[in-house]
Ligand code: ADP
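Given as structure tokens, the chain that follows is alone and in the form predicted on its own.
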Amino acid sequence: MKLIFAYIRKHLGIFLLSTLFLTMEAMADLLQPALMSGIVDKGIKNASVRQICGYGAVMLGIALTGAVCAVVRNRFASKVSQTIGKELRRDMYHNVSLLSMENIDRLRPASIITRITNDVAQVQEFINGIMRIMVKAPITCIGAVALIMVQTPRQAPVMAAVLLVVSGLVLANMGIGYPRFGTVQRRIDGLNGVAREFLSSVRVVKAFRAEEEETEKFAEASLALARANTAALRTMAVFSPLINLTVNFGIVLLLWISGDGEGREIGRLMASVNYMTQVLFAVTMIANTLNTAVRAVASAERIKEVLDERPAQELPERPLRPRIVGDIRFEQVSFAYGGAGKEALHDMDIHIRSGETIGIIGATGSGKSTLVNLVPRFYDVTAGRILIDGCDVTQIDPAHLRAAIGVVPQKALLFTGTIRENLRWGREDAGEEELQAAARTACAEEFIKGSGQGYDTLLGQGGVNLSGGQKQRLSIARALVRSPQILILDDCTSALDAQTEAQVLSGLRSAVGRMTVLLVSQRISTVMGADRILCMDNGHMEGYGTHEELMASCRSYQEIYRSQIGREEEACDG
């Protein structure tokens, strides 16, 4: 709740102004039964048309005033709640953008999306409810009770008993509902996770005809959410009728008490019944708003977890900004992912000289991608250290470090927008000639020019209107636009045919100059031409040297060569 009120304080002026109009609206509602009582007990009883018209005119004027206040209050309430929702989403998104990969792995992307969308919506609804109902309902309730006691003092014990019982029911409702609504939000996380996984891999699902299995997974997640919602809503299903019953029972007692001593003053009795009805309405609104509050508090805690999350990677007090030329040293580097019981890398001791092209090969899961992800400091080592040009990467300004590194990931990631806009992710101020040169080096220029609108061709989300090979070549071109000192190619030519891959690698060799290149691949033909090759297995370094040296000394490399090249040679000889 502290988080919610912290954001409300930023807009305290409008909030208080809205509360003022809300109070005026509540007072207008409270005056109506009293004026109606005057019409009945004075105007009708005395057969005075003048009094009836006078009271009626005052009631109409107060009603119009209340309506104007309600309109103004609604406008303020909508503005504040929507503004706070915008600020929460903005602050969460900004904080997430600063987190390290370790933080995001722990929070989980599906859960982050739920918190930015659904949880913020819960908080917005609560803030809107505060400004529309939560303040008005207590004023109405207290005012109505006070007026009943003033007009009919004999009914004070009934009102006190009704309020005591209702307060107990409302508190019990909150205590039971709070943990259940927290469970609802977690079930929404699960549902979003299943949907996100399906939509991101829909082609694979269709290729393996696994639609029924995925539908069943979604149905299970949806059922879990439905059960959690049912358990939470049962709280309202039990307590709301009990609250209504208590207040209605109070109305019956009020009429019974008024029957003998105060029956002659029909107007006062009507006013008291109207006030009891207002009490019932106010209590119901308070109960509903408190249910919303329970959900909002549960959501606010989840939002606060994201806002309070701090990057797992510590930034140096005085970050270094050295001139990066690409000399890389791994000194007894070990690494394990958070929550994993096994190290992904163990005791890696490697020196990569500036300007070298290093091929990295090994079986799936051998730690190749993990190794190169440590260079731009996507993760921090758990033991040892990594030096770039003699500086520990943990002491270098991350923005300065990553500005000198071009990364082409395993999965080609493109964004909605034109080809030109995607290429300029490499460098925003890149000129047209630089974009074209990078596209030529990546063998992407031909299909770009043949795409109709050239560099202005619009790409769908994730580059859905391109083939896998085209997306990979654009990803390579994007990294080259940056003109980095270190280029990381993480198995980024897997979707290319052998001839296109050879052309891309040839273009890279002629374009990299003094650039240090880390070339990860599953294909031995891709890394054979590298200056040196790192052969990995199960997180360990099995060999490090030229192709000829590894063929002579590294058994794992020999097995990879025989499995890929040896069979082809045997087939040719046959």
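For clarity, every value in this text was computed on a predicted model and none was experimentally measured. Sequential numbering from 1, following the sequence displayed.
Just so it is clear, the following notes concern the form predicted together with this ligand, a form of the same protein that is not shown.
Undergrad: Name the single residue among Asn128, Asn274, Ser366, Thr292 that comes within 4.5 Å of this ligand in the model of the complex, judging by heavy atoms.
TA: None of the others qualify; the residue that does is Ser366.
Undergrad: Can you work out which of Tyr337, Tyr455, Phe249, Phe378 has a heavy atom no more than 4.5 Å from this ligand in the model of the complex?
TA: Exactly one residue meets the criterion: Tyr337.
Undergrad: Is there a heavy atom of Val184 lying 4.5 Å or less from a heavy atom of this ligand in the model of the complex?
TA: Contact check for Val184: no, nothing within 4.5 Å of this ligand in the model of the complex.
Undergrad: Indicate whether Glu214 is a 4.5 Å heavy atom neighbour of this ligand in the model of the complex.
TA: No.
Undergrad: Give a yes or no for Gln278: in the model of the complex, does one of its heavy atoms lie within 4.5 Å of a heavy atom belonging to this ligand?
TA: Residue-level check for Gln278: no, no contact with this ligand.
Undergrad: Using a 4.5 Å heavy atom cut-off, state whether Asp105 contacts this ligand in the model of the complex.
TA: Contact with this ligand, yes.
Undergrad: Only one of 318-326, 337-345, 226-234, 85-93 has heavy atoms within 4.5 Å of this ligand in the model of the complex; I'd like to know which.
TA: Going through the listed ranges, the match is 337-345.
Undergrad: Taking heavy atoms and a 4.5 Å limit, what residues of 405-440 are near this ligand in the model of the complex?
TA: Going through 405-440 in order - heavy atoms within 4.5 Å of this ligand in the model of the complex - there is one hit, Gln410.
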